[in-house]
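Just one chain follows, in the form predicted on its own, and it is written as structure tokens.
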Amino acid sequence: MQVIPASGTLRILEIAKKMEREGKKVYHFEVGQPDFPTPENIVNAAIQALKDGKTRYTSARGIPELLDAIQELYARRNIYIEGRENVIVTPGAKMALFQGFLATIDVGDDVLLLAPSWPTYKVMIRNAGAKPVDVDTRTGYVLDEEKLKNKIGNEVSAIVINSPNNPTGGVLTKDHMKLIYDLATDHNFLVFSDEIYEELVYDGFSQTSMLQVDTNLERTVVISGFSKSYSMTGWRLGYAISSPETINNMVRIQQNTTSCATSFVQYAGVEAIMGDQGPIRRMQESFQRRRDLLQQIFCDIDGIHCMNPMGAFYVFPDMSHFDLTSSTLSELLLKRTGVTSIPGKVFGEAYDHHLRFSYSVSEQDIQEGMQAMKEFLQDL
């Protein structure tokens, strides 16, 4: 338990809950989940599966219908995998990551993290007995080739990348992904590519999957799921794509832990992929409008630098102008304006002058909350 820390956002959430109990308005920009309901056709598919008695154990690998649907999902992007060999369906993408680490990483290994990065990666890596090592990127999650090369040693067994990125919303170019793959080949390590936000990209941008770089799945484990793109966070449905050897080892772990992903939820996953995509496109369009609104507000505040994110639903402004730690500034903003945020230090030691804001909130809350924050920061 010593390697599992308390949440880095716990203090902020405790203050927010206390304020709400006191009847004060809180604007929840800390939430990392879509605020849209799950599309009705997906909900109906789960209900029908329940009525049809789809309530028993399934194969630990996943139901064939969903494995085939995931294969079809990638075929639409001209990415060709064998769903029944290269895929495992898991109870959420977190479990896919955890099983992937356990299946491939040895005690004592180093695992590189392109930073800033989601803090749970480090907890999982430490649980596997390995050591997470930050590789800081340039502003906007732009790969720094020299920093990466300088971190590669004999103990490195894997690197974790996340594009689109949480917390910056930045994306890796195909050239940079090819460079990472080439280094992995030269130095014999794996690439874990967390692509959970791949459908949430804007301005006509199309995100490159690591599967388009490592077409033979020689060194890649891709992690994705249904939580973000389909607004299915509570359904807990994710998956991993990799070589048959790695997937088979993950299946063995799943057989001895969760057994399988929830049966009727897997049938909802089939509908999510194969059914009407209209609600998904409308969610994406709404996120882009919110991004534009939030970005413009930050650009209008003196002293703040905020990159325009290309994906996910976060902004990660540089708040160093105010000369406060991210925890102090985040707490101050909440107490004075009701606006929640995540301290940048949570995502890496080098980012203590940043805050993360999620725009998975209503446009009205963005306008009201950001106006209150803007007035406070200008006074500050």
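The first residue of the sequence shown is number 1, and the count goes up from there. Quick caveat: nothing in here was measured; it's all calculated off a predicted structure.
Beyond the structure shown, there is the form predicted in complex with a small molecule, which is absent from this document and is the topic of what follows.
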{"property": "Among 114-122, 143-151, 201-209, 292-300, the region lying within 4.5 Å of the small molecule in the predicted bound form by heavy atom distance", "result": "114-122"}
{"property": "Contacting member of S227, Q266, T137, N86, with respect to the small molecule in the predicted bound form [4.5 Å, heavy atom]", "result": "S227"}
{"property": "Heavy atom within 4.5 Å of the small molecule in the predicted bound form - residue from C260, I180, M250, I196", "result": "I196"}
{"property": "Heavy atom of V213 within 4.5 Å of the small molecule in the predicted bound form", "result": "no"}
{"property": "Non-hydrogen atom contact A93 with the small molecule in the predicted bound form at 4.5 angstroms", "result": "yes"}
{"property": "N166: touches the small molecule in the predicted bound form, heavy atom cutoff 4.5 angstroms", "result": "yes"}
{"property": "Distance check, R236 to the small molecule in the predicted bound form, heavy atom within 4.5 Å", "result": "yes"}
